[in-house]
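Below you'll find only one chain, the form predicted alone, shown as structure tokens.
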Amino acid sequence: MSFENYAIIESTLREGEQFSTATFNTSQKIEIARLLDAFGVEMLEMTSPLASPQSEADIRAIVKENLNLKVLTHIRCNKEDARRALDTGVDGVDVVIGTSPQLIEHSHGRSIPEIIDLALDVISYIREQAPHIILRFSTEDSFRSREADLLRVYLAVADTGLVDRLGVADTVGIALPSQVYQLVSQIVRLTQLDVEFHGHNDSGCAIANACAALEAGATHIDTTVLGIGERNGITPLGGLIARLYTINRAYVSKYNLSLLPEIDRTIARFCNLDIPFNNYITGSSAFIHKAGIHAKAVLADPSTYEAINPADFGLSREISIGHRLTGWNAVRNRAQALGLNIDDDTLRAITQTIKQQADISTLSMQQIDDLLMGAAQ
């Protein structure tokens, strides 16, 4: 299990660029990189320098920032991509090639033996040119690949002793957590190498699959801010943090959690998005309590209905009052916040008034305050 010892590879500037409304300029990429560095992610993955002249220039600009995180670039499995990547001065190169029957037929057209020969040639070249660079080799579409083919490729690459980690990719988001656990644990056992998991969210399993990978011994998880990426994106940074936090707060203590709201807002602004109301941690309703029995318990001890403490993220909870489900404990708490001394019987009567009026239309906080202050006079 790698919950105590894992690294985040933040791919907003690679996978995230593939999102439908993401077109980051250089200054925006620098701002994103600085925020993620301040948050504490260990690695930042950027688009291949061969994608466009500006992509290459942006990699060089980020490298010049001299951030604490390691800057990686993601390339196809060929020497020209590798040469161009190494020339940018990145800390690491992430090599990928498809191994599923679909990608073999419709993408590169190579057989498994040809994939192995190419992979060995490219990683040998990279290691010869840059002995100390971080080097990852990943299959693409791992979960539609034949297991025997995957293991042949991984073992051949691992046997060279040239790569630092192997990558597993649920490229079309079809894997179950049990499948991720089985494959990752097998690769860890057979190769003894670090394993990275890249999971798409097409069927809503990206966070669960990332955690299954960690349980199986994976050491690196790819994320993007708000989960942006190709189609439905990949494991969201905030979602992974939320999941690990609820297992053990210590698993995310190395990160500057209070920066997460700013990071989410920044990407939402750059991509012209609204943060979903139910987004992990930073959604508008994430810490709103409404039902009377919930409000009563939360006012006594927030942990009764909160697995995540909003204060750890620089946020606060809200007790919703002006509706038909409200309880008198929530109304009393509001009166106390206003410094009003109102007896319990009166507070219960005000609560009934709120419920009756709310059956017609939800009350604003100002309307509730007016009722409370009127009763206190």
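One rule holds for the numbers: they count along the sequence shown, beginning at 1. For clarity, every value in this text was computed on a predicted model and none was experimentally measured.
Only in words, not in the display: the form predicted in complex with a small molecule, which the text now covers.
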Which one of Thr224, Ser138, Asn201, Thr282 is close to the small molecule in the model of the complex, taking close to mean a heavy atom within 4.5 Å? Ser138
Do His289 and the small molecule share at least one heavy atom pair within 4.5 Å in the model of the complex? no
If we define contact as a non-hydrogen atom of the residue within 4.5 angstroms of the partner, is Glu17 a contact of the small molecule in the model of the complex? no
Taking heavy atoms and a 4.5 Å cut-off, does Ala169 contact the small molecule in the model of the complex? yes
Would Val96 show up as a contact with the small molecule in the model of the complex if we use heavy atoms at 4.5 Å? yes
To test your reading of this chain, name the stretch in 266-274, 122-130, 138-146, 303-311 whose heavy atoms come within 4.5 Å of the small molecule in the model of the complex. 138-146
